[in-house]
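In the block that follows, a single chain appears as structure tokens, in the form predicted on its own.
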Amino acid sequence: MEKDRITNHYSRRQAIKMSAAAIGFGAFARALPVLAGDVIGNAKIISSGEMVPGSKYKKDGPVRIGFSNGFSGNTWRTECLYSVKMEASRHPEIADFIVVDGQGDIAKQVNDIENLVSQNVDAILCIPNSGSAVAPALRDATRQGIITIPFNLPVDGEAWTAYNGTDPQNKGFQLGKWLRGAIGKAGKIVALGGLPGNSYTAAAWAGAQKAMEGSQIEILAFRDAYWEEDRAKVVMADLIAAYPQVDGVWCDGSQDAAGAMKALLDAKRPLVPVTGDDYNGLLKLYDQHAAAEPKFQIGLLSEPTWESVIALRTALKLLKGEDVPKRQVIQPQLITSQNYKNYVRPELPDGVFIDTDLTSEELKKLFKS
């Protein structure tokens, strides 16, 4: 498979070689067997009333699709990318699937999108590093008749074709509400987010703060932890040193949560209620320590790694002339101390995210466990 420092370019043949609205917290739960059956088909997805007409984008013959990935620095992105490559390999109409990696650099991602436009792609999928910075580049692509599908992280404005993902602000609110209830009437918390300036964390943290309004919970600090467990552990160690009392940890990603809990363990401090998503490493950590740590609780809302598949399928529907919703909001799985055993996968690596369309065999191969 050809690759260089900037761009991965996948022809169909190469792809086949890869091994071919606030909603209440409880409403997020899905009666869905983990890693079984048609995960995407059984998911709850709420579509907006506004529809995008496919007649505007209908194209006969082979199509070229680009994917601007803001960065690829964690295992969520690894699963997300693998899923969309596998999906692309199943569609004979895709002549080329071009992946570019922004490497966490906002300016590079903008340049990547412009380069995809210059390569005459028919559609651009995008996870933005910054919802504001990429908006003009996606707007320009859209004006040139290219289908633009941002997903996972919101993009400012409306100058893109269609969007899909969870609702980060509502997720943040629900996680904040859960943490408020887990701590009790009063307490002190710290918060860990993802990449600096990313739109997902910004929206989720805004929702969390709203959920804590009027409470006696004191927010000691917010820090960016890059959705990386090792980095989060270092960040949390600094916070532990600065604050003798931490009663809870709000995180929008469980890589951060797992790192924070490991920092508490190293400091011989009690584990506390923590929020996050469906990272197997945190679920395994909870399973290992919950019995000995009476204050340790988890309140998690998944972030499906198959959002990339929905984005690709949306683009292909438009290219076939089918109408699609302007927005598709995916309802995540709710995971708590009461039902976590339905989700934890002891036989799989820590890095696995369990709300996935990949099989256990594919995950083991992907992570070489």
Partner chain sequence: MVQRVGAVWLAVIALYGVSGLISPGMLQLSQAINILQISAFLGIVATGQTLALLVGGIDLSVAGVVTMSNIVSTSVMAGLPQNLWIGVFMSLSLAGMVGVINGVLVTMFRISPLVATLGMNSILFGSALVYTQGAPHGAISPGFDLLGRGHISGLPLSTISWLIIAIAMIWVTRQTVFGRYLYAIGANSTAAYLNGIPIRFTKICAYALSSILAAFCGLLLTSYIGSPSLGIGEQFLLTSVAAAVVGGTSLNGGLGSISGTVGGTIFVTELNSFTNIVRVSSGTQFILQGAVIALSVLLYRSVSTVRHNHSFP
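Positions refer to the first chain, counted from 1. Rigid core here is just the name for the largest C-alpha set that superposes within 1.5 Å across the two forms. Keep in mind that what you see is a predicted model, and the values were worked out from it rather than measured.
Keep in mind the form predicted together with its partner chain is missing from the figure; the text below concerns it.
This chain appears without its partner; in the predicted bound form, the one residue of A159, I219, A133, A206 with a heavy atom within 4.5 Å of its partner chain is I219. A heavy atom within 4.5 Å of its partner chain in the predicted bound form is found for exactly one of V272, I106, V155, V235: V235. Proximity to its partner chain in the predicted bound form, taken as heavy atoms within 4.5 Å, picks out 72 to 80 from the listed stretches 107 to 115, 72 to 80, 293 to 301, 208 to 216. Heavy atoms of D230 reach within 4.5 Å of its partner chain in the predicted bound form, making it an interface residue. A residue is said to contact a partner when one of its heavy atoms sits within 4.5 Å of a partner heavy atom; G181 fails this definition for its partner chain in the predicted bound form, lying far away. At the 4.5 Å threshold, heavy atoms of D224 reach its partner chain in the predicted bound form. Proximity of A242 to its partner chain in the predicted bound form falls within the 4.5 Å heavy atom cutoff. In the core-superposed comparison between the shown form and the other one, A133 has its Cα shifted by less than 2 Å. With a cut-off of 2 Å and the rigid core superposed, E114 has a Cα displacement that falls short of the cut-off between the shown form and the other one. With a cut-off of 2 Å and the rigid core superposed, I146 has a Cα displacement that falls short of the cut-off between the shown form and the other one.
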